[in-house]
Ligand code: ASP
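Shown next as structure tokens: one chain only, the form predicted alone.
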């Protein structure tokens, strides 16, 4: 004999009920089957709503009743399309009784616990009857037995206590003589020893199934629901969650207590005492293995079996110096809540005895505060303790596992993973058994926290990075294409799951929390929503994804001004935009401070040298204890390109235009040719060396003509290049006469910095610098005579994009 229980979703529609019948028919071929069913999905809530409306003299209860009636009659007509008059008649009779009960509640304006039990009993009584009659109509050996004739309780309504001696005898007597292959029992419902209708409370259908299974000492109890077992965490919030094959009773109850809805712990106590295994199965996927719950569950190599959470939590804090060393405060606190029938979900107390924190349901918070403040009114008046502090909009996240106590560092991994993603922990609770570690966090961070912890404890160390890119012009487009090309390689070889979640240009922006399809991103962006810088930030913030990275591929000051907002939300920044790091020194230091405070890395390798590891090398020198004495560098790929290609047979205007067309200059070439861009770069290197300096402190000797420096627009500037060609030819002629090459050089020495166009003689390391290459020479205490030299391509869309990509990958390897 087997006992199966089917929940509300499993019997929530005619289609699902047919699945249930198929399962029962298959099981009954080899053995007798007892099937406990819940009410049709959502009906219990509708019954309670109708009762509440009727109690409040709200005629809307009739609409709710009509909805209940329509649902049941539709199911009957779908399951038994012909010759169903007797079934319809019975259902209508029960519905008429329900209508009369609701009318009575409406008239007397009262809904007592006794009446409430009678009201909600209609759900299970109707569903069990319809299912049994459907099976009979199909020629199956099935009978419905009213559980109210078997399960006997006391007269405490809404959550009656079972009289096991009478109940067990009733069950054993009935099934000892039952001849049908399939018995349908309504779950949840019962009767008192005086014959009054009662219910078994929350999880009552599970309870009914457990009572029957224990009374008959069956080999196993199966609970059928809409998921394939107990999952490692909530699969609706964590896509990588997967079913747990085997789990112990204690682990299952811990997970269920903290939000795993497939099982309600108190209801399975009867089978737990007899060590009857429980199987959680999926009605919609009956062949799936599901989860086995037993005392002989195989001990997993993973110390954490599951991660669960409870929402709608309020945290109560009772604190004050008057509590220290004074016995009785906890007793009075707990008694007060007990008298108000308020359940405590989590308790934590500091060893100083200065405070006690309690987690309760948010709906009880107001009543709890009033009651506690009244209890401690005298102590509050004497300032021995503070009025109770209430914090709401919280959730509890719990790690569960029998084997956690045998593994060191579980708590450390938990707090480290949450801390890296700016998930603030408001309270902590851990029992001495170490089977459960619970933390209270903001409900806004639940999805991120579950994903972070699941990644930490259950996934094969694959780190998910969620990238938001602003600026998909020349460089940005190359970056997206590089990510698309390398996505598979990163996942397979570096265990980095890189997803582009948001993209924006100056006109449109698009988002997909599951990752954009990079094969069609251009088409998607063209049809995206109107772009705003603030709107892009708010969307990235509201997505609240773990390991979020904002990538700035612009030269826009307004974008740089938003960096503090991103960092405060623990969103890392990767930027080729030099404006932030070359802005006022106070702002630069504030960005560094925010990066550390909110554990959000701020990487800007491409600010200097595009894809060259200039800043990384400098950082490693400083971190290892070296000290920079001086820096000499050619830092502008665009200017190097210009002067390597400019001669007495070319025109300066043509070379500058070519540099712009090939992506070597900023959209406004004056930024490059005026030396401002190079000044920003040497400023960043000076600051990274530990020197306090601002842009105005850098000596800039411009080589542009006076009219070029004073030009108002880009078009005007290009016109000056044509008019002042002789000025630029004279610069070239002077260098040629001295057998030198023109290079735009940045220097930092003894706390001072300068940028200027210089004539570089033969034999100097800068002389043979080709194309758009950059070169940086670091003279340090460890490299006083022969400098550390970094040389290579320092401009161009591909190398800049690869530098940004490298910074993103670096975050994935942290």
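Just so we're on the same page, rigid core means the largest C-alpha set that superposes within 1.5 Å between forms. Source: prediction; values computed, not measured. Positions refer to the first chain, counted from 1.
Although not depicted, the form predicted in complex with this ligand is the subject of the following passage.
Backbone and C-beta atoms of the displayed form are kept clear of this ligand by more than 2.4 Å after its pose in the model of the complex is superimposed, which defines the site as open. Interface membership of residue 637, defined by any non-hydrogen atom within 4.5 Å of this ligand in the model of the complex, is ruled out.
Taking non-hydrogen atoms only, residue 772 never approaches this ligand to within 4.5 angstroms in the model of the complex.
Taking the partner from the other structure, this ligand in the model of the complex has no heavy atom within 4.5 Å of any heavy atom of residue 563.
Among residues of the shown chain, residue 205 is one whose heavy atoms approach this ligand to within 4.5 Å in the model of the complex. Contact check at 4.5 Å (heavy atoms) against this ligand in the model of the complex: all three of 39, 44 and 188 pass.
Here the chain stands alone, but in the model of the complex its contact with this ligand, taken as any heavy atom within 4.5 Å, falls in 197-205 among 619-627, 668-676, 197-205, 174-182.
Applying a 4.5 Å heavy atom cutoff to this ligand in the model of the complex picks out 124 as the lone residue from 120-141. Relative to the superposed rigid core, residue 45 undergoes a CA displacement of at least 2 Å between this form and the one not shown. Put the two forms on the same core and the Cα of residue 120 is off by 2 Å or more between this form and the one not shown. Core-aligned CA deviation for residue 199 between this form and the one not shown: 2 Å or greater.
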